[in-house]
Each structure stands twice: as structure tokens, then as C-alpha cells.
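In the block that follows, a single chain appears as C-alpha cells, in the form predicted alone.
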């Protein structure tokens, strides 16, 4: 057997198309998941009646494999009248999966804000909304940044699972090219290289953000 990357290289336009879709789903899904996770954390903190159902949803989502969730959403959705295109189903499933983890990160961040800082805001006559906007959220954001970056990087690798429901992202495109041309080793090597590069870049950007915000870390 010989290692021939030429066949894979000749299909680079298709591979770059899958790479672009992977980045779009990852970025949009992470941003939507962060927004939804933050909303869930706030609701659990401030609306007692929603704490139990939201906590139950979070535990079920975090306790089941992403692959199973995609299968249920894409193949099981039509049984309840929810028929989605592969990309739509993949993005929705990716967002909900990430939101469950982000919500727990934000919940821990809220709990980590020193009580004395909140009491200081109350002594200054700030309303609960002002305390949330000016004290709790800024301090929480700095505290949870490392965990957020780690989760975002982990979710990048989870995009490979979307190929199982025929989303034409990077994994599906490279795997299909490898199967068509019987260059399995070369295709898997290139796929691993793409994900390694993306993870390294994402991790580096996250570390830079942590360094920039380190000076704003609140005193306890």
C-alpha cells in the first residue's frame, strides 16, 4: 500500500466547502447555545417554578450521547410532526446540546460571584436589575471564561457527529471522498489534521482572551 494524498488534494474545493459549513455550524451553534444557556441559567436562578423542569432537561441532555439526540431529532421528529432538513436538524441539535453545558457553566459562575459584592451594590441603592448588569454578569463572565473556552473547543470536535444525519460538513465530505477513491488512510489523516488545526487555533484564541481579561478578575 502507498500513501497517495493526490486524490484527496484534487477534491480540495469540495473539502473546503465542507470545512466552511463546519465552521458556520460551530460558530452559530456555539453563539446560540451560549445565549440559550445563559437564559436557562438566569431563569433557574430567578424563577423558582422553572428550576426543576429546566434542570431535568439539562440533565437528560447532558446524560445522553449527542449521536442519540441527533437520531431522535432527525429520524424521530417526523413522528411528532417535526420534519427538518439535515442542516437545520444538525444546527438545532448542536445548539440544544451545547446550551445544556453552557447553562451549567453559567450557573456555577453565578454562584461563584462573592456575596459581598452583591451586598455592596444593595448598599449603594442599586436595583436587582442593575446589580445583575453591573456586578453579577461582568464578574461571572470573567470567572467562567476558561470553562466556556474549553466547552467551545470540545463542541468543535462534536461537529463530526453531524455527518451521521447527512449534513455535508467536513467529516462527511472527506469520508465520502475516501470511500469513493478507496483512500481511507489518506482521508482520515487529512480529517484529523483539519480538526487538530481548528482545535489548536480555537484554543490559542481562547487563551489570548483569558490573558486579556485576567486583569479584570474580581477579588474575593
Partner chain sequence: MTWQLFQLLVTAAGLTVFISAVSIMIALVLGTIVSVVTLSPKPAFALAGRTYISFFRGVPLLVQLLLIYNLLPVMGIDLPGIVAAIIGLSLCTAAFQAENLRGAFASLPRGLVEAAEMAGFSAAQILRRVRVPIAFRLALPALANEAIFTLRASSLVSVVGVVELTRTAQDLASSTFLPLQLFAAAGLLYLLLSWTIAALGHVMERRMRWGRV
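From a predicted model like this one, the values you see are computed outputs, not experimental measurements. Numbering follows the first chain given and starts at 1.
The form predicted together with the partner chain is left out here; the points below concern that form.
Proximity of residue 166 to the partner chain in the predicted bound form falls outside the 4.5 Å heavy atom cutoff.
The partner chain is not shown here, but in the predicted bound form it comes within 4.5 Å of a heavy atom of residue 63. Not displayed here, the partner chain is kept clear of residue 204 by more than 4.5 Å at the level of heavy atoms in the predicted bound form. The partner chain in the predicted bound form comes within 4.5 Å of a heavy atom belonging to residue 199. Annotation: in the predicted bound form, residues 26, 36 and 211 none come within 4.5 Å of the partner chain through any heavy atom. The contact residue chosen from 32, 176, 67, 43 relative to the partner chain in the predicted bound form is 67, the criterion being a non-hydrogen atom within 4.5 angstroms. For the stretch 180 to 196, the set of residues having any non-hydrogen atom within 4.5 angstroms of the partner chain in the predicted bound form comprises 184, 185, 188, 189, 191, 192, 195, 196, in sequence order.
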